[in-house]
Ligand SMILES: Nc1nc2c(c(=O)[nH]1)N[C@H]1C(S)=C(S)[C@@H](COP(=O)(O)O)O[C@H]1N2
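Below you will find one chain, with nothing else, as C-alpha cells; this is the form predicted alone, and questions on how it binds or moves follow later.
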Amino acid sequence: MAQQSSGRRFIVWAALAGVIGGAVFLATAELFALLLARSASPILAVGGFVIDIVPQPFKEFAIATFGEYDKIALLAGLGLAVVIASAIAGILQLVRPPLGVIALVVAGALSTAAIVTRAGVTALAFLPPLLGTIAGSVLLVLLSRRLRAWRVSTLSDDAPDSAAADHAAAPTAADHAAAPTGVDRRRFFVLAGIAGVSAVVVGIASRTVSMAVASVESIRSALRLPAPGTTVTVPAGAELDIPGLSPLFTSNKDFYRVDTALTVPTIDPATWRLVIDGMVDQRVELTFQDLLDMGIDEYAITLTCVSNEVGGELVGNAMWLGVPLRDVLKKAGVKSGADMVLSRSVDGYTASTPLAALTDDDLDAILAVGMNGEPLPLEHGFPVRMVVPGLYGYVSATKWLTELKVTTFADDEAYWTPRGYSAKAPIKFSSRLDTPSIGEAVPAGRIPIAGVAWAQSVGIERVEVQIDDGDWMPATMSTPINDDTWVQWFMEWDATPGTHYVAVRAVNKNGDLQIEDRAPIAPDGSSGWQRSLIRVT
C-alpha cells in the first residue's frame, strides 16, 4: 500500500509538472506576442476561433446564461481546459515519454493555426506560439526527468511492485545520471517553483500590458481629430505611376520605426500632459485638448533616420496633422541665451533640437497628432510626437512626447550624444534607386530606372543618373509638393544584356551636389552616391 501511495504521489507531481509546463508555454507566448505581434496570444486566438465556430444556439445560450460576462466565462472555460490538458500531458510524459511533449506540440500547432488564420494577422504571428511550445516542452522534459530521478531514489529503498511500476516508465540511463545516490527532491521543487512563479509573473505582466495597449488602441480608433484649418495641395504630377517606385506617401504600416522603446508605450490622451519649462518666462502644462484647441493644420514632411544607409529604407514621407512648435513655445516665452530644446519621451528617451529649428517662421516644425489621415499609430508616437523637417529623427522626432525643456547645448545632452552621435544633425540630402532593385534580373529593352530624392527644408533641383562609366544624364522629376518632401524621379533606359552599374546623385536648390564620398551613419549620418549592379537578361 505504501508503494501504491508513493506511485500516486508521483502521478500528482507529474500533473503539476504538466500544468507548470503549460503555464510556461502560455507566458512565453504572451511575452513574445507583446513584443512581436499583439494578435498572437494563444488564449485569445483560440477563444476567437471558438466564438467563430460555435453554432448560434450555443452562442445565444451563453449570452442568456452569462450576459455581459460571456467572454469571461469562455476564457475561464479555456483556462480550465488548458489546466486539465497540461496535467494530462505531464502524466503522459512521466508514464510514456515523449507523449507528453508530443501533446504539448500538438497544442502549440493548434494554437498557431488559430492565430495565423485570423484576419489581419502579421508576418511574425507564428513566432509567439512556436517559442512558447519550445519553452514549455523543454521545461516539461526537465521536470519529468527530475521527477523520475526522484522516483528512482525513492523506490530504491523499497521493493518495487507491479502497482508502482504501472505508474511510470522504467527509469532510463539519463534518469540515473540525473539522480546520483541520495537524490534530493528539492531539485524538482526548486525548478518547479522558479518556473511556476516566473510563468505567473511574466504571463500576468504581459497580458496586463497587452490589455492596456488594446484599451488605448480602442481609444485611438474612436478618436476623431478636428478638421485642419489649412490643408496641403498635392499638385498634378506629384506621383509617378511606375511599378516598384516608392509611393508618394508612405503608408502608416510601412513607415519605418526606429526608437529605444522595448515595448510600445500606451498613453491615454485624456491623461497626457506636455510640460514646457527650463529657460522660459513661465512653466506651461498643456493637455491634449489644449493642443487641439490651438488649431491643427496639415503638413507634408519627409522624415529620415540617421541610421539610414546609402540607398536604405529608413526614410518615409507622410501627411501630418499638428500644431507649430513655435506657437507652443511662445506660450512659455523663451528666455535669451537658450539655444536648444531637450524633448523627453514617456519612456525617458531625450533628443536635443536646435531652438532655431523650432522657432523659425519658415520651418514647419510641429507637434503632430495625426498621420496620413488618422490619429498617430501607437508605434509612431500616439498621442503626440515631434516632426521637424531638415533634421535627423534622433535629434528632432521624439515620440510619446511629455516634456520640452528649453536649455542650452552646453548644459544638457540628449540620449545619443554620449553614445557617439552629434548633438546637432542636419540631414544630408540624398537620392535612392528603387527600381530595378538590387539582385533583380530585368529583361533587355526599354525599362524605367526610378527612385526618390530628398533635401528637407531646401528641396531637390535635379537628379542625375549614370550607366556604367557613361555621362551623367538628367532624370525626369515629379512635381514637388514642397521643399520638405521627397520627389520621385525616373529615366527611360535601353537596357542591353549583361551586368551594368547604375549610379544616382542629386543637386539641391542651393546648387549643392550630393556628397560623393562614403561616410558611415555615425556620428551625423551616412553619405555617398548609390551605385547598384543591375543584371539584364
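When you see a residue number, it is the position in the sequence shown, counting from 1. Computed from a predicted model, the values in this text were never measured in an experiment.
Another form exists, predicted in complex with the named molecule; not displayed. Remarks below refer to it.
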ask   = Heavy atom within 4.5 Å of the named molecule in the predicted complex: which of T231, Q289, S251, T260?
value = T260
request  = Work out which of E309, D277, E413, D347 lies within 4.5 Å of the named molecule in the predicted complex, going by heavy atoms.
outcome  = D347
query = in the predicted complex, which of the stretches 394 to 402, 330 to 338, 108 to 116, 278 to 286 has residues with heavy atoms within 4.5 Å of the named molecule?
reply = 394 to 402
query = Going by a heavy atom distance of 4.5 Å, is R385 a contact of the named molecule in the predicted complex?
reply = yes
query = Any of the heavy atoms of C305 lying within 4.5 Å of the named molecule in the predicted complex?
reply = yes
ask   = Is R145 one of the residues lying within 4.5 Å of the named molecule in the predicted complex, judged by heavy atom distances?
value = no
query = Wondering, does F255 line up within 4.5 Å of the named molecule in the predicted complex on heavy atoms?
reply = yes
